[in-house]
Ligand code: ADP
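Next up: a single chain in structure tokens, the form predicted alone.
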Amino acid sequence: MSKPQYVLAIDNGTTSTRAIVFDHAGSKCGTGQLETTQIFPKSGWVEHDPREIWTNTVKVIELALKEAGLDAADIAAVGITNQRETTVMWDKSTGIPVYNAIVWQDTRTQSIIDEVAEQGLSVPNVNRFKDKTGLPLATYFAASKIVWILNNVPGARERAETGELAFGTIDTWLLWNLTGGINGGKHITDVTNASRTLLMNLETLSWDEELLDAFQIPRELLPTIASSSEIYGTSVSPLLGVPVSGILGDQQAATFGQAAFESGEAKNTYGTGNFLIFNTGEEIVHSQNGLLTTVAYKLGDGQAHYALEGSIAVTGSLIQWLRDNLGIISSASEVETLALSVPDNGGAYFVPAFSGLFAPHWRPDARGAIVGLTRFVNKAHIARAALEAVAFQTREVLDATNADTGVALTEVRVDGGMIANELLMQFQADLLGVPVIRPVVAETTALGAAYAAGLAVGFWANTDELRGLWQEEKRWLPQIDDEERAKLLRVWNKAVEKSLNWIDEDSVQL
């Protein structure tokens, strides 16, 4: 039998699940994709059905193999990448989730975060564990979501303490099912996903007793932490006998797919949210400017590489909001045409703080605001302001990265669904004042997971070989001067100020 010539990546994002088959050159050979149902039980609550995610995963693998004209025997390895902080808890004996997956955007757990920030302190401190975790206390991360399920699902805490339940981010849920589920499924996560829970110590790369105690989370609930590239187990279904050998959280996977392997290299992903990651190598760098410190990757027994991250909650999902909630476009692709029908934003600025503001502000009291409205402003101006909001928020986290590292980025590599939007990419280059570069393979998240899986089984030799596969497709150069750029940023900062301090005793916590 000939040696398998392909690697398959499973990419579970916030809005869909995809499977992509890549060949040795890193080119796509087959794709399957299905949307994920978005569940909004209450304002501020965002959920997914874990069983739908697994069912869709099986289907998209089959679709990708069919499009590529392949079967399981042609696949050398499987990699997984996933929406990181989204939290699943299930019964080990039945495989049935005890509650829907609580999505990273969900804000219902603010009271839990407030309690932990106040424990034993005279003044609440959301940064009390930042030296250990690299993260502020925020609803964004998995720990408070675990606590909510334990406290609100009848019997969940007792069953967790006796080892009957399992917690995982989506990578763990998929791996457990891929490798047999109730019949011996592997309960494992990787260091990149574990670093997004508020429960892992960045230095030891292990679950931390102080953190578990602060959140009152039983260790029995948690998966084993492994590297991002090793053989975790063998797929039982639907890829019988294929090793599952790569796991990376989606933003780390995109960084890996962009071949940003070393200190000083960076990428920016435009997805449901936006995520700028700056690789700091083997050094843990703690931000003084509102960024997160996270694990970038760890290959087998090698040293962990770390990164600074600017996480923005609402970018691509803002365009979905224009489509689904306001109805001013019927498909996401229409937003560029609509925005191009006007020469500028008409004085309107859109701060999409639907879940508060993430990096670099970390203001859960903020809420979405459209400011500068006059009778002149129409839906095209709103569409343009929405696209511009994506670029303005990215400029904020790039400024924070430059301040933390003392290294001014001279270019930004981009990926994700929104990079097809030429208007956005040009405005982004204008605001950043540096070239914005799009790669030939835009699906860098899935590609990064494939790379991690392939390295573990020898499909690719090393990161030097992977770096040689990266190719530029297009670049945008700045077209405005410093004075105009500074003016735009001043008005944006005024708009951000208007979104703050919305949640108080007179308003409902949404």
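One-based numbering along the sequence shown. Small disclaimer: the values here were computed from a predicted structure and weren't measured. Only the largest set of C-alpha atoms that superpose within 1.5 Å between the two forms is called the rigid core.
One more form of this protein exists, namely the form predicted in complex with ligand ADP; it is left out here, but the text below deals with it.
Stretch 413-421 is the contacting one of 76-84, 164-172, 413-421, 200-208, since its residues have non-hydrogen atoms within 4.5 Å of ligand ADP in the predicted bound form. This chain is displayed alone, yet in the predicted bound form one of S263, T293, Q320, N289 has a heavy atom within 4.5 Å of ligand ADP; that residue is Q320. Only one of the listed residues (V335, A429, V116, A142) places a non-hydrogen atom within 4.5 angstroms of ligand ADP in the predicted bound form, and that residue is V335.
Proximity of Y270 to ligand ADP in the predicted bound form falls within the 4.5 Å heavy atom cutoff. Using a 4.5 angstroms threshold between heavy atoms, G316 counts as touching ligand ADP in the predicted bound form.
Interface residues of 7-31, taken as those with a heavy atom within 4.5 Å of ligand ADP in the predicted bound form (partner not displayed), are limited to T15. Comparing the forms between this form and the one not shown, the C-alpha position of E336 differs by 2 angstroms or more, with the core used for superposition. After superposing the rigid core, the Cα of D324 is displaced by 2 Å or more between this form and the one not shown. The two forms, fitted on the rigid core, differ between this form and the one not shown by less than 2 Å at the CA of D114.
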